[in-house]
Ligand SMILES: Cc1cc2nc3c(=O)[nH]c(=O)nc-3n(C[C@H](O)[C@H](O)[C@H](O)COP(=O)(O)O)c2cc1C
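Quick setup: one chain, the form predicted on its own, written in structure tokens, and binding and motion questions come after.
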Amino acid sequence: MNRLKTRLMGLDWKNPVLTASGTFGSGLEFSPYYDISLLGGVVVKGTTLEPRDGNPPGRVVETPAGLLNCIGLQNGGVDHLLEVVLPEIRNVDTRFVVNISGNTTDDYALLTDKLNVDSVDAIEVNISCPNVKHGGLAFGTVAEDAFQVTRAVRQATEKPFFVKLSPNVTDITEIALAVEEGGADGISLINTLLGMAIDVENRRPLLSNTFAGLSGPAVKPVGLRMVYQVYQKVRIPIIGLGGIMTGLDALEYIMAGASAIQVGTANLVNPMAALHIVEELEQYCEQQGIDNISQLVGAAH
């Protein structure tokens, strides 16, 4: 699939289709369905310094056009990832990206340092986490905090990394410029929008955490708008995500300015979704006489 070969952050990727953190496990969970080495990359479930049980049930609610979740970063911790998960996926022929989350800048730096191992191709930095030293506001909602985390990660590794931006902000371009200045090799956006659901019979929130992240088709117009805006402001590449269910959705993000995309909620609807998107992108390029999909990046501008 030479038409889909992608050069991103100094690395060669088979194609621009990655899976989104938290929807694909380590990748091996989907290997009974298809050969995951056909994907451009897998973004491993969000990893923290210590193991986390996450929030109590209920943690997931379907909405008319998407999904609300407040899983709470349940994971086995970075040492479990290094000792158990990475050895299992090391021989799979695709790129592996580890998504990291922390509550302090030092957390991010330490996590990054621990991930300076050969089996990790790149790092995705989740800055939608609360900054416990600054009153609990998410790192990704304050430009200076976003800059400080990005700079700490940059100082801790020579590996390529991209920062995942929260859409729950007034001006997404301000945050994007801050992480670019901090040394990020790329940006992924958007993370989930903040939402909720109410149990009208019991007259209380349906989810244990009251508020939750909204993903799926409902957020695609917001994600597209933010990718379009950020593409006009930064020089580093963008990885677009949010409501991508089909190859046509992926093409919209690419034409808005994304050099690659991530498939998230769609994996939970159809385990084959990411592979189907790869195939649909290949078909589109062939039908349109596109030599390489990079020719379409930002085409809508």
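What you see is a predicted model, and the numbers here were worked out from it, not measured in a lab. Residue indices: 1-based, along the sequence shown.
As for the form predicted together with the named molecule, it is not shown, yet the points below apply to it.
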>> Exactly one residue in Gly223, Gly216, Gly186, Gly102 has a non-hydrogen atom within 4.5 Å of the named molecule in the predicted bound form; which is it?
In response: Gly216
> Quick one: does Gly243 come within 4.5 Å of the named molecule in the predicted bound form, counting heavy atoms only?
Replying inline: yes
> Does the named molecule come within 4.5 Å of any heavy atom of Thr265 in the predicted bound form?
Replying inline: yes
> Does the 4.5 Å heavy atom contact test between Ile190 and the named molecule in the predicted bound form come out positive?
Replying inline: yes
> Do Gly46 and the named molecule share at least one heavy atom pair within 4.5 Å in the predicted bound form?
Replying inline: yes
> Hey, of 228-236, 34-42, 62-70, 272-280, which bit sits against the named molecule in the predicted bound form at 4.5 Å between non-hydrogen atoms?
Replying inline: 62-70
>> Between the named molecule and Ala20, Thr23 and Lys164, in the predicted bound form, does every residue show a non-hydrogen atom at 4.5 Å or closer?
In response: yes
